[in-house]
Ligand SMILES: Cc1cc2nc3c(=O)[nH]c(=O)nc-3n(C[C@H](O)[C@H](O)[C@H](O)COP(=O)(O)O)c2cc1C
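In the form predicted on its own, a lone chain appears below as C-alpha cells.
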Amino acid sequence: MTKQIHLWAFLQGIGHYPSGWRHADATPEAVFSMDYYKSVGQLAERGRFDSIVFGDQLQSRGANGHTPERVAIPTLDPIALLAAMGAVTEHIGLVATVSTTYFEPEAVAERFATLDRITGGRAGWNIVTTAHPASAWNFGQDEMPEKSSRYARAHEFVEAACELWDSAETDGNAVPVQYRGQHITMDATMPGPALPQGRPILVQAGQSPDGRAFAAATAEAIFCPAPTKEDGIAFRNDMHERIAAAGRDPEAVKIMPGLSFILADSEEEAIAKDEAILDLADEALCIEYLGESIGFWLGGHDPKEPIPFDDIVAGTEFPVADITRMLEKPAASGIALGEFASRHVRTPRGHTVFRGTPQQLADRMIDWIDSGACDGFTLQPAYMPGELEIFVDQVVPLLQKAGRLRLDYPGPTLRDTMGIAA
C-alpha cells in the first residue's frame, strides 16, 4: 500500500506572508469574525486535512518599541478558537499551542480535556516552552527562565497532565493525582468520564538539542522546518534515532514540516505571483518583521547599509548561537539590510516555500514522502483564504487520484485520522 500523506493546516491569522493580507483575494477584515473561521474550518475539512493548527503569542507586540499596527498578525486564543471551529466541523482535528512555561498543568489539562470531550476526540496539544523573552514581562517576571530549565519543567508538566488525563474513569469516578517533581507540584482530580482519545495528541515543535530530546521522549507528531528534501531526511533520521533510543517506535511519530506555497497555472506565473505578494510589503515593514524574528530592534539602522551583524549578536534577545547561525552567511555576503529583510519575510523560520503548479506541488509532496523526508506537511498558505482554496480545489484531487490522500475520514478521533494509537 502506498504511503498516505498527512495534512495539517496552520491557519495563523492572515497567512504565512506578512504582506499576504494585502493580496486581492485575502480577507484580513474577516479574521475576527466567526463566519471566517467557520468557512476556513469547513474548507480544510473538505480537503480532508488531519487537523487545523493554531499558534499562540504570549508577548506584547508593542514590546521594545515595535509598532504593532505594522507587524501584527492577529492571534486569538487558540483553544477558544478551535472549540468554536469544532462546533461547525465534524471530523477535522484541532491542535492548539499552549506553553508549559507560563501556565500550570491542572488548568491546561482541564482545557484540553474539555476540547477533546466536546469535539468527540479531536484535540491535540502543540507543547511549547515559549521563545520570546518579552513574554516574561506579561507574567510578572523580568526575564525568561533559561532553555534547559524550561524543557525540564516541560517534561514534568506533560507527565503531570498525562497522569491527570489517565486518572479520569469511564464511570466518572476520578482518581486523585499527586505529582511531585522538581518544577511541578500538583494535587488534582479530573472529574468526568475518560477522554474520547484517552489523551490529546501530543505535538512538539522545538528544534534545539533540548527540544529534540523532549520530542523524542514525548511527542506523537513533530512540526519542524525543512528548507530542502535533504534537510527533511536528515531531521527525520535524527529524530528516528532519538525516538528509538528513548524506547519508543519511530514510525509511530509523524514528522510534519512546514510548507508554504504559491500556486498558479504555470511555474512562471507562480513566481510572478510570489514576487508581486512580496512587493506588497514595503521595506520598512520587512525590516520591522525581521527585527521581531531576531529579537533585535532595527529601526535605527540604514536599510541601504550592510546587515549590522555585530550589533545584532551583541544585543539580540534570542539565543546568540541561533541568531549567529541564521545571519552570518548573509551578513558575510555584504547584502544590504533592506534587501535581505525583503527576502526574509517569507522564510523567517526556515520553512520551505514552493512556487509552481498544483501538479508540481502534488508531485513534490509525494516525492518527499517516498524519499523518507516526512510523513506529511504543515501547510502555511501565503495568504488566506484564497491560497488555501486553490490547494483544496486543485491539489487535493490530484493527491486523492494518486491514492495518497484519503477520500474520507477513517474514524471520529484525531488519533483515528493520524493512525496514532492511544
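In case it trips you up, residue 1 is the first one in the sequence shown, and so on. These numbers were taken from a predicted model, which means no experiment stands behind them.
The form predicted in complex with the named molecule exists for this protein as well; it is not shown, and the discussion that follows is about that form.
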- Here the chain appears without its partner; judged in the model of the complex, the stretch of 147-155, 87-95, 176-184, 193-201 with heavy atoms within 4.5 Å of the named molecule is 147-155
- Report the residue, out of G338, G291, G211, G121, that has at least one non-hydrogen atom within 4.5 angstroms of the named molecule in the model of the complex. G211
- Between the options C286, C224, I277, A160, which residue brings a heavy atom to within 4.5 Å of the named molecule in the model of the complex? C224
- D322 near the named molecule in the model of the complex, any heavy atom under 4.5 Å? yes
- Taking the shortest heavy atom distance, is S167 within 4.5 Å of the named molecule in the model of the complex? no
- Heavy atoms within 4.5 Å of the named molecule in the model of the complex: does H351 have any? yes
- Query: So in the model of the complex, does S260 come within 4.5 Å of the named molecule, heavy atom to heavy atom?
  - Reply: no
- Would D56, A131 and G206 all count as contacting the named molecule in the model of the complex, using a 4.5 Å heavy atom cut-off? yes
